[in-house]
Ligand SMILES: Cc1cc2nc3c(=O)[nH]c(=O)nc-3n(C[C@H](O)[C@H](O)[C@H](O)COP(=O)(O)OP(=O)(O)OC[C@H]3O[C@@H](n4cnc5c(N)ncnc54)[C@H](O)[C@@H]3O)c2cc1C
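Consider the single chain below, provided in structure tokens and representing the form predicted on its own.
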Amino acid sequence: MQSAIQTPPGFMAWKEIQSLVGSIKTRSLVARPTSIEQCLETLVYCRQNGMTICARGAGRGYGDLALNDGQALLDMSAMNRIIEFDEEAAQITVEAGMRIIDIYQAVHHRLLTLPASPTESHSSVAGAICANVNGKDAWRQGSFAHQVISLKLLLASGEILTIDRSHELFNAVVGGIGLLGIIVEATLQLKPIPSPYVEINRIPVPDVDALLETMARVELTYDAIVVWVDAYARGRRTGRAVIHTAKWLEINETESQRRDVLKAGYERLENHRQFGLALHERFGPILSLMLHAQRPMMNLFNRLYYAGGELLAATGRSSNTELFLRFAFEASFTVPPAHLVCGPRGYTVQLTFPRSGAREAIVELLGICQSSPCPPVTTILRAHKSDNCLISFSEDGYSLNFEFHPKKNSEAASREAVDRLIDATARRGGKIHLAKDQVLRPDQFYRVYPRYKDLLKIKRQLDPEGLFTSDLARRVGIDPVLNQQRPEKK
């Protein structure tokens, strides 16, 4: 760790920071600015003391995207104000640390929603932009990149650039994992909705062919979709799943009625969050102990979950009406959090692959998982559409999100299976979502993101001293490449 030669400003202090999954623990000099002026002060201090900077929003990244061990973290969570709300144009301008759920609280009762909202509703806007996240509507509304109208980027030089969709830097900054500067403000496009309610349907499908056939149909008529997949089902049952769909409903309510209903909805989410945290804190060790018998336990759970979906469909109870808030966000509060599901050595991996060859990809990826000594605890499938960002996870196809809980005595074999997953994904022209990654090696990163060279070319122009970086950037080999190609100082 590099020691500072000056006393840091009062809004900076050394703190222990860990990833959302919890398996990565770091110590950083954390700055928590409340204004752009304090952001500038942080830049000056770090440059004078030879420290690098990593921007951090709400800390909802699963891996090391927003970690910077032994260096500085710029925690933007206190810069969380709405700057402007244009209801007629359905646009909102916010500071970098504004959380997704706070935007909903500001606009949802006005019959507006923010497409591409991730399940982690406490994610920050700047974090969502840097990671180019996606929601359960990704195949229809696209990734978060599609919702960004413009943003303001604080450069290493202290200059602030305004970048809109026509700007040459737009596709480098959005999804650019924070390497080019600090996003301090963003204007987002909202979407009108008929009501805050959606009709939910649960559709059990017995195998991969039925899964893809049903997905092709429901993608035409529904507004949001997420799929639970049984990663333990083999043979003719491979790809067995339950598809959860949502469609916006037309329900007549006054704004006052909507406010009351949504207020109760937000309170429910917060209560579930607090209850879930307390429950998981109390019974987390039991869950970890149970996961030592992971394969039989999860195999049984998956069988019961699928049978429950079949029973609901057979009895005509597979549909219901509920607030979109619940469909979109409640799962992140009620299911065990990632750090319990993944354990002290665990991690998540989310892989995309093209629609062409989707069947073969799903069968191969699930087969690799089943050959691992520790198959995934949970497996989720989503549909996506592509964008033009240089480091873009989005693909005109599907993704599988795995949560792995490797045991100490099988850690190496589990990682070998993950490497085979990554190799299969790269071979099929797919990607790995960096916001959920902590396992990619440089050679793997270069294969799935060949356009990283274009990003580095821009970085050398905007940040020639390499002020902005992260643990992820160092791990996947971006910093070493930058250093090797940087001209020597005379």
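Computed from a prediction, not measured in an experiment: that's the story for all the values here. Residue indices: 1-based, along the sequence shown.
What comes next is about the form predicted in complex with the ligand, which does not appear here.
J.: Which listed residue (Ser399, Asn201, Asn80, Thr119) meets the criterion of a heavy atom within 4.5 Å of the ligand in the predicted complex?
T.: None of the others qualify; the residue that does is Thr119.
J.: Counting non-hydrogen atoms within 4.5 angstroms of the ligand in the predicted complex, say which of Thr113, Ser123, Thr245, Thr352 makes the cut.
T.: Only one option qualifies, and that one is Ser123.
J.: Look at the stretches 421-429, 434-442, 41-49, 456-464 and give the one with heavy atoms within 4.5 Å of the ligand in the predicted complex.
T.: The contacting stretch is 434-442.
J.: Residue-level contact is defined here as any heavy atom of the residue lying within 4.5 Å of the ligand in the predicted complex; does Ala58 satisfy this criterion?
T.: Within the cut-off, so yes.
J.: Mark Arg382 yes when one of its heavy atoms lies within 4.5 Å of a heavy atom of the ligand in the predicted complex, and no otherwise.
T.: Contact with the ligand, yes.
J.: Although the partner isn't part of this model, could you tell me whether Val174 comes within 4.5 Å of the ligand in the predicted complex, counting any heavy atom of the residue?
T.: No, no contact at 4.5 Å.
J.: Quick one: does Ala31 come within 4.5 Å of the ligand in the predicted complex, counting heavy atoms only?
T.: Because no heavy atom of Ala31 falls inside 4.5 Å of the ligand in the predicted complex, the answer is no.
J.: Along 170-185, which positions have a non-hydrogen atom within 4.5 Å of the ligand in the predicted complex?
T.: Residues within 4.5 Å: Ile177, Gly178, Gly181, Ile182, Ile183.
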